[in-house]
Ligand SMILES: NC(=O)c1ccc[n+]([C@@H]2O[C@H](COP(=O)([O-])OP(=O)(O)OC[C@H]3O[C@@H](n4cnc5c(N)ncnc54)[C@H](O)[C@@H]3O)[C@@H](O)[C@H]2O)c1
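Presented as C-alpha cells, the chain that follows is alone, the form predicted on its own.
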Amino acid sequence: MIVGIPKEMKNNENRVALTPGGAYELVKSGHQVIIEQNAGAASGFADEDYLETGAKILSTSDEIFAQAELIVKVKEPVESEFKKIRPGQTLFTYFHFAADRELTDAMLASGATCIAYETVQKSDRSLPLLTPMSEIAGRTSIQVGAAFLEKPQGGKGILLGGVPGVKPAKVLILGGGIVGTNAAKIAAGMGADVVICDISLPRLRYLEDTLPANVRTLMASEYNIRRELPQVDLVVGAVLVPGGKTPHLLTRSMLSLMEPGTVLVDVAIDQGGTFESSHATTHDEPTYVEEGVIHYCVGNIPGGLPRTSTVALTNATFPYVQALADNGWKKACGVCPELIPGLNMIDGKVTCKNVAAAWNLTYTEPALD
C-alpha cells in the first residue's frame, strides 16, 4: 500500500504523523511510504532520516494526496486540503467532527473513509490514541496556566506553588479523565491547592486514593462549581465525550464569579469546549480576555511540544497504521476491532453515532463484510 504523510497545515502544528522508525517498519513490510518535504523538520526529523529508511520525499502535499491510498495525519484536514481528498482513500487522524460542521460536510462530500484517532476504543472503553496526547495536554495545561498567571501576561501575579508563609494558587480541574488526572499530578507537584471534579463517584474514589494529598475531589455539580469559582486562580477544562460535543460546565454567567486575572485553560476546545465562553485560539495568539478572565483555548496544545508529542503519538498509532496498510481498512477492523468505533465516515455516510447526533445527520451502521 502507498502510505502518505503530508506536512501539517494547522497553525503551529509542529508534529508529524510518522517517525523515521515507523517509516522503516512500513517499508520493511513492503509498503511504499511517501512523505512531504520537511514534514518532520519541526519535530527534529530531517528528510534524510526518512530517506535512509527507504521512504520517498515528495515536494508538495498535492503529490502526497494524489498518490497515497492511506493518508496518515496528526490533525484534521484544513480547507486547503479538502479538495485533495478523494473517494476510496482512507484518512487516519484526529478529526473531532462534532465541533466542526464545515469539516464534517467536506469529508462527507469527499467520499473518503475517515478513521478518527479520538474514537478508536478498546473493549475496556479506553481510548488508546487519545491517551498519549491527553497526557501531554493535561500536563501542559498547568505549565501554560502558571505562565499566564504572571502579571506581565495579564494574570493575578500568583506563583502556582506559593512560598513559605504565602498560600499557593488554587487550581480547579473539571473532568477526572486522562487530561484531568495528568493536570492534577503536575499542579500538585508544583505545590498548588488542587480540586478535581467528576460526575463519577467510582472515579472520584480512585482519584482520592491515587493522587497526592494536596488534591481534593469534588462531585461536578453546577452548585459545587459555582461555590469554588470565587476562590480559584486557574481552571482547567478537561471533559470528554468520545466523538461528541463537550458539555459546558462553566457558563458565561459564571465568569463574573471569578476575580480578574483568573486563567481558564480549555483542553476540550477541539470538541467544542468545557467553557461556554471558549472559542478556539492558536499558538500565535493563544489567549483572549472576557470579563477580565484570561481564556487559553489552543486546539493543538501538544503541537507546541512536537518532539515529545510525535514520538508518543507514533508509539500509539503505529500498530493501527501497520494493520491498515497490511490489510486495508475493512480487514484491519477484523484484526484490530478497536478500529471499528474509529470509523466516523465511509463513502459519504456518517458511521459514528455521536457525530450524527451532534449535527442531526443520519447514522449508518458501518458495513464490514
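Note that the structure is a prediction, hence the values are computed from the model and not measured. The first residue of the shown sequence is 1; numbering continues from there.
The same protein also exists as the form predicted in complex with this ligand; that form is not shown, yet it is the one meant from here on.
Between the options 220, 190, 99, 280, the residue in contact with this ligand in the model of the complex by a heavy atom within 4.5 angstroms is 220. Taking a 4.5 Å heavy atom cutoff to this ligand in the model of the complex, the contact residue among 247, 157, 87, 292 is 247. Looking at residue 128, you'd find every heavy atom of it more than 4.5 angstroms from this ligand in the model of the complex. With a 4.5 Å cutoff on heavy atoms, residue 344 does not count as touching this ligand in the model of the complex; it lies far away. At the 4.5 Å threshold, heavy atoms of residue 145 stay clear of this ligand in the model of the complex, well away from it.
Within 4.5 Å of some heavy atom of this ligand in the model of the complex lies at least one heavy atom of residue 271. You can rule out all but one of 148-156, 250-258, 109-117, 131-139: in the model of the complex, only 131-139 has residues with a heavy atom within 4.5 Å of this ligand.
For the partner-free chain shown, 298, 299, 300, 301, 302 of 279-315 come within 4.5 angstroms of this ligand in the model of the complex, judged by any non-hydrogen atom.
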